[in-house]
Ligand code: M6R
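The form predicted alone is given below as one chain in structure tokens.
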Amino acid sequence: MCGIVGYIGKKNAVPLLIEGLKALEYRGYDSSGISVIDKKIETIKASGKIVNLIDKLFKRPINGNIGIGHTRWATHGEPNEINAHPHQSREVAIVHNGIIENAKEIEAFLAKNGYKRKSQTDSELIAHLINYFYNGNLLNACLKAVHMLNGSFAVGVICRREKKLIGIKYKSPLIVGIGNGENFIASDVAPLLPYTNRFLFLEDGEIAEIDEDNIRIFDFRGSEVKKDISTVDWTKEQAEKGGYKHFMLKEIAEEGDAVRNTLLGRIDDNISLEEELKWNGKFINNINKVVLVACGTSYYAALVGRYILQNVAHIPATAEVASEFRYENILLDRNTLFIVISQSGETADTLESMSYAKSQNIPTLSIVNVQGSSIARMSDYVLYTHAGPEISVASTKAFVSQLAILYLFTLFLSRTKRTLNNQQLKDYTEELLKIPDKINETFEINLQKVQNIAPYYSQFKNYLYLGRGILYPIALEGALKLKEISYLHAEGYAAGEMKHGPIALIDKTTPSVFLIPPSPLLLNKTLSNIKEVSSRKGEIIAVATDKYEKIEDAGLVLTTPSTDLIFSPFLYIVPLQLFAYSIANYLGYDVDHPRNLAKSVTVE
């Protein structure tokens, strides 16, 4: 997730672009840059925070009435100045948010026509493609270019020869701001609120041609589209949060898109990770064990990963807490694949665990969100989640993106090692591709419900979370979320362990949250647990698919769309996150910055 801003008018664009990038820095902070037109295209870029860009502009001022700016969250290419946006190709400069899936094919096409990529980014290819098609009409060049692009892209374009600003939207956010004698584009309304509250919200497959007095919207076929102007009455802070009260709620709402971005470009007819991993078939076939190591929420993702590796790919796997692994003597060999999972890529215990594995010459793979992070650099292989920046301390969308990578990797191993047949792979892949929409539906189904019940459930001080099989880690993660942000005591247990101790806690003051598995065998066992709690006057909350939503004895049922048991973690976690959020919000706590916690634990 990156931030885009663009301006056309009579003012010097540079101060507006810089202020706009500051408002968008929550979308990415690996590097930044601006381009303006002043007889020619002038570009200044810097790695790191936007303050570094400001320092460079102080030393080398530039001016222009048309410009584009970008703050980057690295996906393709390291976070450095060369890979920073804008990217320029002769007459054209662009900024881009998204991923181009067919970058390899486009690069080959451009190479035949004399264009050579200088950076490691897929985004640079868009600039070359538009410049290739440019023959005096920037809009036409952009329309031709978009028909060659596969993936997701929000693009801002300027051209030295034209007093125009172009905005292109497909599966990445882009809006147009309407001013007086000036107009704008941006990833969201936040950077434009100091200048306007009137906006055009572009839909997928639309392109805006903008000058200082006029805005015309076209579809990708070139037909003009009429759109209504929307007025937004948000503060700047509200706008950065997309109108949500807290970043955490916004990030839960973004989980479907986060999973979609993780899958993007990695599934065609099959799961395609060969190019990213650059593994040979012999190495993969020799893998006889997987060890997953992580901390906190990432550890619970590892527990789900352990389950699917063993039950889908039929590969022995263990999941270890990094802070404990460091001091144990886990048996590893050259055919063990060592996987570490970390949102930040800087977690101290996870880094030390990987360091130990590397000292034993064990092949290492990292699953991280932050490109160029310490763990990513240290590991032999890396798979990025592409979840975008996660601002709230309590992890939500990073967690489901980690799950998505683990599922992709499991299916990749299953295909390579032939532990699943073609029909099984097809069925799993098709259901995985449906998960982003089902996550979004789950959010919509449960948001108002949990907000309504928060006053009642905030009265309780202790909670039990119970799940079986693949839902046991989700019970652990659900309990963690409630502890982290509402400061209520909550414990997660395997449901079958309830009679081995936790049942002693059951009374009318301790609600039990049951995750109802969409599996007849496990369902009956879980319903038996519910009866045991009910007979002791315990309060019962259930999470179930809509197929099993009538749960006898449950005071509250939170539902999800139907899915296979194997994919249920993606959906069941959403109501649990919303439940924790709603209680913490009702109690008046600082949801995004819970006490005593940090986003990344970089010391032991």
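Throughout, rigid core stands for the largest set of C-alpha atoms superposing within 1.5 Å between the two forms. Start at 1 and count along the sequence shown; that's the residue number. What you are looking at is a predicted structure, and each value in this text was computed from that prediction instead of being measured.
Keep in mind that the form predicted in complex with the ligand is not shown, yet the notes after this line are about it.
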| item | value |
| --- | --- |
| Proximity to the ligand in the predicted complex (heavy atom, within 4.5 Å), stretch among 338 to 346, 487 to 495, 131 to 139, 115 to 123 | 338 to 346 |
| Interface membership of residue 97, the ligand in the predicted complex, 4.5 Å heavy atom rule | no |
| 4.5 Å heavy atom contact, residue 481 and the ligand in the predicted complex | yes |
| Contact label in the predicted complex: residue 394 to the ligand, heavy atom within 4.5 Å | yes |
| Contact label in the predicted complex: residue 217 to the ligand, heavy atom within 4.5 Å | no |
| Of 296, 502, 518, 79, the one that lies within 4.5 Å of the ligand in the predicted complex (heavy atoms) | 296 |
| Rigid core superposed: residue 567 CA moves 2 Å or more between this form and the one not shown | no |
| Relative Cα spacing, residue 251 and residue 27, in the predicted complex - shift of 3 Å or more | farther |
| Residue 437 and residue 27, C-alpha gap in the predicted complex relative to this structure (3 Å or more) | farther |
